[in-house]
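Take a look at this one chain, the form predicted alone, written out in structure tokens.
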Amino acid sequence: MQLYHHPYSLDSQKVRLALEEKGIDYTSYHVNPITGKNMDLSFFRMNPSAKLPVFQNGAHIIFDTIEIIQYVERISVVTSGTDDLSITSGKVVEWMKKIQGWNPKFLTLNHIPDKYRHTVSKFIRRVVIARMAESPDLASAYHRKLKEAYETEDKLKNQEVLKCSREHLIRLLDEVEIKLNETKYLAGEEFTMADVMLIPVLARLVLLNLEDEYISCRPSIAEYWVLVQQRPSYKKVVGKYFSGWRKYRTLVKTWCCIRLRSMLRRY
């Protein structure tokens, strides 16, 4: 089994947490979207959406995050020979869909300095155009990605889009707060795949220095956040990279800008 992902991809973190929680062995392939690796021909032919993560088991390839996690659960049941009621639990699936319904892209990009974001965006557009020229048979799919890149930049200039994203997040977290005031974990007293979906969202908010605005002001979520950070899966999938990013983020941004400017001259 292979997983194509990136450590800072929110959906990649969700899938990796599920794999760690279920003890499933897999081969890890890092695909860095900042340097356009998700636009490389080999990856793009496998997944024309160019989105991460992608899970492959033989000829079976899955792109949807929730579908990957449910597939991982089924593998876990088969390999362990035990019944896992969380797979068929309606409330677990309901929470998974609610969390996945919030798109973190606009909130995340809005907190990246314009100069850095524009440099990356310009580079990605050049990569897409270059790949389009190299593979005429994939031109229409690459054109969709180019159009998507321009649309994203336009939406980031629209305050209404950002407002809707924040309001959606607030509604979600308010609902989570109410639930966690009643139970230890999101779908009850046991840790489930619903929690796997929520943890990366909370980590992203902390990473963006939004903990006070979205987490600390909600006592039950704040307590839950402390609890889930103790899990081995969190420490391996999120915490391992999270601390390093917070410490070296300025250095990383500087290095990336220099690297991307160098790469821009090649396209």
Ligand SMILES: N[C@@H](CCC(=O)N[C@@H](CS)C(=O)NCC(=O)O)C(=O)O
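Sequential numbering from 1, following the sequence displayed. Computed from a predicted structure; not experimentally measured.
A second form of this protein, the form predicted in complex with the named molecule, is not displayed here; the remarks below concern that form.
Relative to the named molecule in the predicted bound form, residues L3, I24 and N57 are all farther than 4.5 Å at every heavy atom. At the 4.5 Å threshold, heavy atoms of M39 reach the named molecule in the predicted bound form. At least one heavy atom of D64 is located within 4.5 Å of the named molecule in the predicted bound form. Though the partner is left out of this view, G239 does not reach within 4.5 Å of the named molecule in the predicted bound form, counting heavy atoms only. The named molecule is not drawn, but in the predicted bound form it has no heavy atom within 4.5 Å of R131. Annotated contact segment (heavy atom within 4.5 Å of the named molecule in the predicted bound form): 142-150, selected among 142-150, 106-114, 171-179, 157-165. Taking I199, I221, I69, A50 one by one, only a single residue has any non-hydrogen atom within 4.5 Å of the named molecule in the predicted bound form, and it is A50. Interface residue among S76, S89, S121, Q100 relative to the named molecule in the predicted bound form, by the heavy atom within 4.5 Å criterion: Q100. For the partner-free chain shown, S9, L10, D11 of 1-30 come within 4.5 angstroms of the named molecule in the predicted bound form, judged by any non-hydrogen atom.
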